[in-house]
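Okay, so here's just one chain, in structure tokens, the form predicted alone.
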């Protein structure tokens, strides 16, 4: 069978079949809502849909210039949009999208708009978007992404074709990361743990020396956390944030190369749009780095818990197994759950835009309290 862009969506036979059939039969809807857990491939599916619509081959060959640029996020007719406000999409941002929707495609026969975190379309911003979502131009396809239908306002859901994505089994995710990177199983497990099970993020993690150094710094601090004094915890939190921000420089370098390669075919306006996207991506990458502190911490605490129950085969951070085993020998299930709750609280605080420094410090102190009295 000839390879195509849909092959990059493992475990999504039903969703892929539905979308492929729509493209190949010429019955693509004007608006879709892709729903499913984080990391199942919703954004990859939106890119695949764009490839299939832009490519001369309706299956989306994945290898032509148009497909390559869609995959890289540099195609001028693919618009990937994230909320710009702390609490979600701002009305001004939505109005900008609705204006842009009515402009003609630059190169492809259609334009595709992918709005991440559709739950961020609240009452006012959603109302500003309803007419466009219901009746976009004939050459426009809009894709909203969300984890659950119930997270999205019913007025938006009713105007979309809902496509559901299934969770990817951990064994399949692990196998794919190993296959695509050549990593050892232990390294692939650690990468998936740091990336919250998101396959593309895990692959990117393994390609980033900076992110791997940050992970080692997090684990090293956790190993020493129980015996650290308050000053050392504060210093450790500051050093962790410095470590996770360092990989942003890798992103800046990649962006500079991308912009240099794209300038030859981008209009001045499109180049400006790319620069704005790059700035948003840097902000996102910084927040992603902070999220990785929590993901690695959470996975290490889970290792302590599963080791305490004798489930050694489930550990995700083999290179920190000695420290995990030491904690596992004394920690109780309620104590482990209390430590994991501290990570959950930290994630919630980050969602409300609390200072990352304060969030990480509070999380570490809460976990330290549990580790010092693990009964």
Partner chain sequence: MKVSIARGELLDALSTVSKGLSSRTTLPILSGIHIATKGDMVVFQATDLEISIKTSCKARIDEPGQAVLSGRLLTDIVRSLPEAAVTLEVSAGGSALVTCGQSKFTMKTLPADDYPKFPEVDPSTTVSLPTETFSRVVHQVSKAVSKDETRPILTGILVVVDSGILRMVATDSYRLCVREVAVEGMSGDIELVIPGKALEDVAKIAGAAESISLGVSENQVVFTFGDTTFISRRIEGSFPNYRQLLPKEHATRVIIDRAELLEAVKRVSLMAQHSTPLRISVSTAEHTLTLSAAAQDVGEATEDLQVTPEGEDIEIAFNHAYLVDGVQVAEGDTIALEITSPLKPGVLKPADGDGFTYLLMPVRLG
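Numbering follows the first chain given and starts at 1. Remember, predicted model here, so these are calculated numbers, not experimental data.
The discussion below concerns the form predicted in complex with the partner chain, not included here.
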- prompt: Is the partner chain in the predicted bound form near all of 99, 105 and 267, within 4.5 Å of a heavy atom of each?
  reply: yes
message: With the partner left out here, check for me: in the predicted bound form, does some heavy atom of residue 139 sit within 4.5 Å of the partner chain?
response: yes
field: in the predicted bound form, residue 232 touching the partner chain (heavy atom, 4.5 Å)
entry: no
task: Determine whether any heavy atom of residue 111 comes within 4.5 Å of a heavy atom of the partner chain in the predicted bound form, and answer yes or no.
output: yes
query: Do residue 157 and the partner chain come within 4.5 Å of each other in the predicted bound form, heavy atoms counted?
result: no
query: Can you pick the stretch from 270 to 278, 192 to 200, 159 to 167, 291 to 299 whose heavy atoms fall within 4.5 Å of the partner chain in the predicted bound form?
result: 270 to 278
task: Could you check which residue among 134, 220, 124, 261 gets a heavy atom within 4.5 Å of the partner chain in the predicted bound form?
output: 261
field: Residues within 4.5 Å of the partner chain in the predicted bound form, restricted to 303 to 325 and counted by heavy atom
entry: none
- request: Tell me whether residue 296 and residue 73 end up closer or farther apart in the predicted bound form, going by their C-alpha atoms; the shift is 3 Å or more.
  value: farther
- request: Explain in one word, closer or farther, how the Cα atoms of residue 276 and residue 355 are placed in the predicted bound form relative to this form, where the distance changes by 3 Å or more.
  value: closer
